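Just one chain follows, in the form predicted on its own, and it is written as structure tokens.
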């Protein structure tokens, strides 16, 4: 059966994910070592120890994301996170920075290492380099690959692959979004933020709702209509064309990734694990999504049809896409 890897932004969400049927949960410490460093989220060391014990007692695994890039000359916080993860008996750490990966491999040779999607390793050469050099055991693939491309990658590597199947859809090079960095001055890799809440502002102007990120207007919608969260890659822009201009969602509509129907194809492609995005989501959201995908994974294992329509209410704008997997994407 394919492994179901589920998000937990809080101890309550971890317990909800495990109880709902997650094979594995991923989470992070409450500091800037992880890429979901938001107020009210993440785990103290004591909470992490309790969460790991809870998961292990119920047959589930815990992965700790230490997937931001350390500041030059100030690596102590990241080194401590790796050491603490090893000491807490985490099943693996999810890392992105080559220097930190090298440190983990040298100082904790028995700690299982996964390559974060933040590393943006999207071809066999990059993946094999990390596997040979550091002993990486699994790579989380970026959300820009088709099923056929994932199949081809798996033929040329000897480690596990993990892919996103539900939640936020990144249409840029993972963790390297120049648009978000430009608008906010905060790097997704260094600061662990994409469209940080501290830079988001909403206002009612002239009969419309407006959503801004930094100084930039991202969405303007009529009053009474939903206002999407202002993420640049899913914003409305006017772009020049052949003698005319076009206004709309140039990169991607404000929708969520839902690759449920592609699970059998991903299984055939050699994918080991399916990942759900959403560490900033509530425990109720996590429980519902995990239950739905556990049913889908079990159906795929039995060769049964994929259940459909279970998660429509939980997608952004109540709409979903298979993203790059089927290359119907812009």
Partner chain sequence: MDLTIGPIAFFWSAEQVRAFYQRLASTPVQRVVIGEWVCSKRLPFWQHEIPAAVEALQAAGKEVALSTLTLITLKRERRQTAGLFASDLPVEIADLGALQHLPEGAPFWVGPTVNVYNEGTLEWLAAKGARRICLPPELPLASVVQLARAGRQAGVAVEVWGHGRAPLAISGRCYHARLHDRAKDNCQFVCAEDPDGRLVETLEGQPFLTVNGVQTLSHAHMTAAPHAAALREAGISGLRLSPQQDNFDDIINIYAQILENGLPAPDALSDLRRILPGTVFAQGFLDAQPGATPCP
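Residue numbers count along the first chain shown, from 1. Note that the structure is a prediction, hence the values are computed from the model and not measured.
Beyond the structure shown, there is the form predicted together with the partner chain, which is absent from this document and is the topic of what follows.
Undergrad: The partner chain isn't shown here, but in the predicted complex which of 197, 203, 72, 225 has a heavy atom within 4.5 Å of it?
TA: Checked against the cut-off, the match is 72.
Undergrad: Here the chain is shown alone; which of 159, 105, 77, 126 has a heavy atom within 4.5 Å of the partner chain in the predicted complex?
TA: The residue in contact is 126.
Undergrad: Is every one of 56, 81 and 151 in contact with the partner chain in the predicted complex, taking contact as a heavy atom within 4.5 Å?
TA: Contact check failed for every one of 56, 81 and 151.
Undergrad: Answer with yes or no whether residue 91 is in contact with the partner chain in the predicted complex, where contact means some heavy atom within 4.5 Å.
TA: Answer no; every heavy atom of residue 91 is more than 4.5 Å from the partner chain in the predicted complex.
Undergrad: Does the partner chain come within 4.5 Å of any heavy atom of residue 229 in the predicted complex?
TA: Contact with the partner chain, no.
Undergrad: Taking the partner chain as it sits in the predicted complex, is residue 178 near enough to touch it, meaning that at least one heavy atom pair lies within 4.5 angstroms?
TA: The answer is yes: residue 178 has a heavy atom within 4.5 Å of the partner chain.
Undergrad: I'd like to check something about residue 112: if you look in the predicted complex, is any of its heavy atoms closer than or equal to 4.5 Å to a heavy atom of the partner chain?
TA: Residue-level check for residue 112: no, no contact with the partner chain.
Undergrad: Looking at heavy atoms inside 4.5 Å, which stretch does the partner chain contact in the predicted complex, given the options 81 to 89, 256 to 264, 160 to 168, 126 to 134?
TA: In the other structure, the partner sits against 126 to 134.
Undergrad: Any residue of 220 to 239 with a heavy atom within 4.5 Å of the partner chain in the predicted complex counts; write them all down in order.
TA: Those in contact are 220, 232, 236, 237, 238, 239.
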